[in-house]
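What follows is one chain in structure tokens, specifically the form predicted on its own.
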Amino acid sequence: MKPLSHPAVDDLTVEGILHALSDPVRAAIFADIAQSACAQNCSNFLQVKERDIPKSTLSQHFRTLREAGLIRGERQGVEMQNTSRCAEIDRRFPGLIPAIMKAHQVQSGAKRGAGGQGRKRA
């Protein structure tokens, strides 16, 4: 098997992080991993935001998150265990990840509160 590559913290960029999180499925995956106290298996995310995600698509999402430096993946047998690199990123870009996580929570709460109707006009 090909070894997984993880960028060095000094090679991470704000643009790369924001690009990786620009997809709503990747943002949801990262939020779950970042909030978890333990490693998350890829198969935990076969359904995200009430949508089934094909394994091939899920692999691409995890690769994008890993290459942006947001997660660290470790093979354990046939499973891939993923952890966040929030602490490392926070040392490089203080406050970035907490700000992104807060914005994600606000956005997720607003979408649930709208009942799928989108924005209400004043």
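Values in this document were obtained by computation on a predicted structure and should not be read as measured data. Residue numbers run from 1 along the displayed sequence.
Only in words, not in the display: the form predicted in complex with the DNA, which the text now covers.
The DNA contact in the model of the complex: Arg75, any heavy atom under 4.5 Å: Yes, contact at 4.5 Å.
4.5 angstroms heavy atom contact with the DNA in the model of the complex for Arg63: Output for Arg63 is yes: heavy atoms within 4.5 Å of the DNA.
Partner proximity in the model of the complex: Pro54 to the DNA, non-hydrogen atom cutoff 4.5 Å: Because a heavy atom of Pro54 falls inside 4.5 Å of the DNA in the model of the complex, the answer is yes.
Contact test in the model of the complex: Glu79 vs the DNA, heavy atoms, 4.5 Å: Result yes; Glu79 sits at the interface with the DNA in the model of the complex.
Residue among Cys42, Leu96, Cys86, Val48 with a heavy atom within 4.5 Å of the DNA in the model of the complex: Partner contact (heavy atom, 4.5 Å) among the options: Cys42.
Asp32, Ser36 and Lys102 each touching the DNA in the model of the complex (heavy atom, 4.5 Å): No: none of Asp32, Ser36 and Lys102 comes within 4.5 Å of the DNA in the model of the complex.
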